[in-house]
Ligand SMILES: Cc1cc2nc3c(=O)[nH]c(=O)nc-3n(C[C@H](O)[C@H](O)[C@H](O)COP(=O)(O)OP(=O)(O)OC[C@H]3O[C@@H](n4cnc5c(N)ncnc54)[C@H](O)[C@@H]3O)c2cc1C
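In structure tokens, the next block holds one chain alone, the form predicted on its own.
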Amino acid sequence: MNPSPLTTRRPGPTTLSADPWQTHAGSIVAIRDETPGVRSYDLSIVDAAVRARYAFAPGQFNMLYLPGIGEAAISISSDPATPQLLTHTVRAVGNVTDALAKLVVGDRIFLRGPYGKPWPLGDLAGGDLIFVAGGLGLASQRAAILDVARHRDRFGRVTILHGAKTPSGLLYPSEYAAWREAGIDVDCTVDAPEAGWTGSVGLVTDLLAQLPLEPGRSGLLCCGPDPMMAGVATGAAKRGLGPEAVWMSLERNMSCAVGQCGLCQFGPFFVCLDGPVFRYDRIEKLLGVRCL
């Protein structure tokens, strides 16, 4: 009998422990309301030795665990330069995240990680960067934005294009001024304006269509709903940006994060191991397959 493909997967990502299933207690030190139904939770790992050796790269995720309820894969949205304080921006949409929304500062939550392939910032150094985010997708990019802002001299022009349904759905608006001060352009658009909104109205692909860019020196990092990301890739191609210059972070159901459960299988890939960040030319044909 041939062994199961799941048992012959390559080793998983480096984590805090030799045992990728081991969880570590974290204390909630701050909670911030971001948009309706979305909060950011600042966590500090309780064990000082574990906290001291924790490190992650922008785009990776942790598995957050509440005993008796379950786990959820959540992007790390904090600055990788200060991994002792971990931020996760979470929308309450399921058993785990609904329970998380009931916790308060001082409560404990368990985590394991970090997991996954990060944004390829090192490979893109020297060129222009375009971040394109739809709704909560900006959470997976915030760590990369903070890292780029700190090393601004390593990149050319850096632009953030962020779209939401309404102005109240725009993520991290209080940080835009600091990002602009760091030399990053921030341009936002909404589907439906609210009173006082003076910005763009339309799709984030409209912003991309108007953006000055040099195809030969530009890299695009995208996160959001699959149809939005496919539209961004199509819009990028019209501007001369090929699929090999576009990276996407996928969101799929994950249970183990180490390629064993198979829930996040995406064609020949496992999102927890091969992603969540993929170069678009690797997944272009798969992204258009309708999920039943």
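None of these values were measured; they are calculated from a predicted model. Numbering starts at 1 and runs along the sequence shown.
The same protein also has a form predicted in complex with the ligand, omitted here; what follows describes it.
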- Note on the structure: In this chain shown alone, the residue from V90, L111, L86, V148 with a heavy atom within 4.5 Å of the ligand in the predicted complex is V90
- Task: Would you kindly say which of I160, L124, L136, V190 lies with a heavy atom within 4.5 Å of the ligand in the predicted complex?
- Result: L136
- Testing 162-170, 193-201, 69-77, 180-188 against the ligand in the predicted complex with a 4.5 Å heavy atom criterion leaves exactly one stretch, namely 69-77
- Message: I'd like to know if L213 sits close to the ligand in the predicted complex, meaning any non-hydrogen atom pair within 4.5 angstroms.
- Response: no
- Item | M254, heavy atom within 4.5 angstroms of the ligand in the predicted complex | yes
- Task: Answer with yes or no whether T97 is in contact with the ligand in the predicted complex, where contact means some heavy atom within 4.5 Å.
- Result: yes
- Query: Counting only non-hydrogen atoms and a 4.5 angstroms cut-off, does F61 reach the ligand in the predicted complex?
  - Reply: yes
- Sequence order please: the residues of 262-281 with a heavy atom within 4.5 Å of the ligand in the predicted complex. P276
